[in-house]
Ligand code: NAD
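Below, in structure tokens: the form predicted on its own, a single chain.
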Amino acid sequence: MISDALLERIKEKLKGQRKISFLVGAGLSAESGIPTFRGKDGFWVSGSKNYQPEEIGTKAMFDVNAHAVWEWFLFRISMMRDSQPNAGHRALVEMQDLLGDRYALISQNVDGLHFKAGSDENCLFLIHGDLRYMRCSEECSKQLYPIPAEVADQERTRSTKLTFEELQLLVCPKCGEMARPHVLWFDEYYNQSYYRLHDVLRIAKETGLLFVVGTSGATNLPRAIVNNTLARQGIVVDINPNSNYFSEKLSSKKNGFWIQGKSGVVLPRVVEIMKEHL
């Protein structure tokens, strides 16, 4: 699973002082039964039309049909609510405890499973937002508000419609305008205030060993994180059962490696290595 050559490079970096960071995506949570946006369960039906995530999860769609967008996200919240962390999530928490200040977790996942597993929010960077929260769609402030339990805790199917009473709760408490899910939509850009853009780019520069877990590299910030690490002689290890943008990119780099396997299997092995060599 982990070659002798890679094992020696990991041991080398464990002895250093630079950060050991983890960039994780939907593949990690898929092992807890949460469908990925781009999987077969990502589509959404509104009226007589089928929408792909790239269409429904946008500010443009919210501006013309906020109800449909909220119904899609609330259905996803319903799927996430009873999901539990898997071995990969738990291994990340173990490494957090082992590494202390050298640890950073950069996550594209909005499902809250990191918190259920015990991740420390001080070293967790949610670059795609957090679906436990909403914020003002008109940006009257940058305040985040928990999605009301009366809405978030309801069981939902693909055909569940928002009630009038629920819509009255999905508003900004400060100005009364419609609230929106606190997530990065497909037609929006990364920024510092909501998605920690500058923080994670700085962390990438400080990282000596970066594990990329369960992400295909479809968005530009994860790619920049990998490039920043490589540019400063950091090692990047892609953990993914399938070939993807990162595994192909790293195949041509002397500091790049691909472990073909599931995060729930590979990350516990990385924990064992850390316990042996830290």
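Start at 1 and count along the sequence shown; that's the residue number. Everything quoted here is computed from the prediction, not taken from an experiment.
There is another form of the same protein, the form predicted together with the named molecule; it is not shown, and what comes next is about it.
Of the candidate stretches 28-36, 61-69, 226-234, 248-256, only 28-36 contains residues with a heavy atom within 4.5 Å of the named molecule in the model of the complex. Heavy atoms of every residue among T215, N242 and K262 are located within 4.5 Å of the named molecule in the model of the complex. For the options M80, I147, I203, I106, the residue carrying a heavy atom within 4.5 angstroms of the named molecule in the model of the complex is M80. The named molecule is not drawn, but in the model of the complex it has no heavy atom within 4.5 Å of L92. Although the partner is absent from this view, R76 contacts the named molecule in the model of the complex, with a non-hydrogen atom inside 4.5 angstroms. Among residues of the shown chain, V110 is one whose heavy atoms approach the named molecule to within 4.5 Å in the model of the complex. For H128, a non-hydrogen atom is located within 4.5 Å of the named molecule in the model of the complex, even though that partner is not displayed.
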